[in-house]
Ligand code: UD1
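What follows is a single chain, given as structure tokens, in the form predicted alone.
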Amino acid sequence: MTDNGDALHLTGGIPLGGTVKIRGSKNAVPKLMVAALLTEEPVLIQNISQIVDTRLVTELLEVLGCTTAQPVDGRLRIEARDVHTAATRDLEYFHVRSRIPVLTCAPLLHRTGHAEVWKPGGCSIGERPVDLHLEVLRAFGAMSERTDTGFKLTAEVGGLKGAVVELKYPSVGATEQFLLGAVVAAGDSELRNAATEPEIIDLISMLQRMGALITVQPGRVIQVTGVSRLRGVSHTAIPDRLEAASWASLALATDGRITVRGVRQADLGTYLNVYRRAGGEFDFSSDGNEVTFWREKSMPRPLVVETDVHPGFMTDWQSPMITALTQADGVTVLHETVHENRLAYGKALQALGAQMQVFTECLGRTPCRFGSRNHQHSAVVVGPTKLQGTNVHVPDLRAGFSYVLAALAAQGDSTVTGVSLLDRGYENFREKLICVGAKLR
């Protein structure tokens, strides 16, 4: 079925059907785990997925002095009573593997007075600069010193000061850094042009239950009054809207019928509209916890897709959707505005037979920040194309699922290598593929 866990041998060309269950959001749970650094009392996070990113952050917290209990049935207990900074070799290990460690800076400055910012790792989807994180931390009063690997930061223990920050772009990471610092900074803080994704709201909900004072105002403004102490909490993470959309796109591409359990309709609103316009259809259970996706038309409809920050169409949704739209009857146009290197999967689609061409120009309603920087961030896909199985290699997490999706929509056999990347964001994805009828050799 697999080759050392890093290759899938797939037979495509058949409609897929079955049921999969999703758990806590990959983009929410690690940040909730980092928030546990802000209190000495126990924190219980529920509905977590057993994925690589969760295990990596668990190891990071233990290196920083936390005690954790082995996750059981989607529950993880964290106690950050004796927090300290990590050795350089440990910092390097975690920072080159994920962008999550940079979010420990505000809590560590509050608890220990020391933190380090490294160039973040994770998927190869763009530069991911740390300048916005540094801007936030310096506004709170942190002093920075450049090093060979990034920056060393210092502050008085418990000495962060309230600040007003305006982001030049509504960055999710910078907004999370602001929240993790502002809730314990002395006085009032305000963030303008903040990100407002559901994962941000989930973090705010947990921090409020820990005793934080946070108000989300209209116009992307977040106001925070710092408190001297946060308490422990039991919090259930929101479901992974990215994984839910991935299975929906698989149903659309293969003309299948896939049911996803453990969802929230409100988090999928923008995706559901695009899915229906693309010729897909869906039906929710009465409690809204389960949704079934299928293709209503004989083939998908072509679309103009433009990614954007929430409440726009998510960048993580676009590669599975565009892959499905290779089967649409007509021309699909994509404009990626969030990450500058999210179209690497186009070469694999071309190898499978898709007619996809990428461009450096903005092919959307308005020019974006990548339009003058020579990044290939727009694409035109002409369909329908009869995909044929071949060998492809996964470059990043979301593109990885798209490669699997394309292979299952293609006629014949394909080998997809590098699929261990999918373990970062999809819990038991091989078993789930089998559950929906995929042929894995």
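Sequential numbering from 1, following the sequence displayed. All figures in this text were calculated on a predicted structure; none of them were measured in a lab.
One more form of this protein should be noted, the form predicted in complex with this ligand, which is absent from this view; the next part is about it.
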Report the stretch among 345-353, 265-273, 223-231, 170-178 that approaches this ligand in the predicted bound form to within 4.5 Å, counting heavy atoms only. 170-178
Heavy atom distance at most 4.5 Å to this ligand in the predicted bound form, all of 235, 290 and 426: no
Residue contact check: residue 338 to this ligand in the predicted bound form, 4.5 Å heavy atom: yes
Is residue 261 near this ligand? Define near as a heavy atom within 4.5 Å, in the predicted bound form. no
Partner proximity in the predicted bound form: residue 295 to this ligand, non-hydrogen atom cutoff 4.5 Å: no
Non-hydrogen atom contact residue 85 with this ligand in the predicted bound form at 4.5 angstroms: no
Option touching this ligand, based on a heavy atom within 4.5 Å in the predicted bound form, out of 316, 202, 306, 190: 316
Report the residue, out of 278, 100, 358, 362, that has at least one non-hydrogen atom within 4.5 angstroms of this ligand in the predicted bound form. 100
Taking this ligand as it sits in the predicted bound form, which residues of 10-40 have a non-hydrogen atom within 4.5 Å of it? Please list them. 26, 27, 31
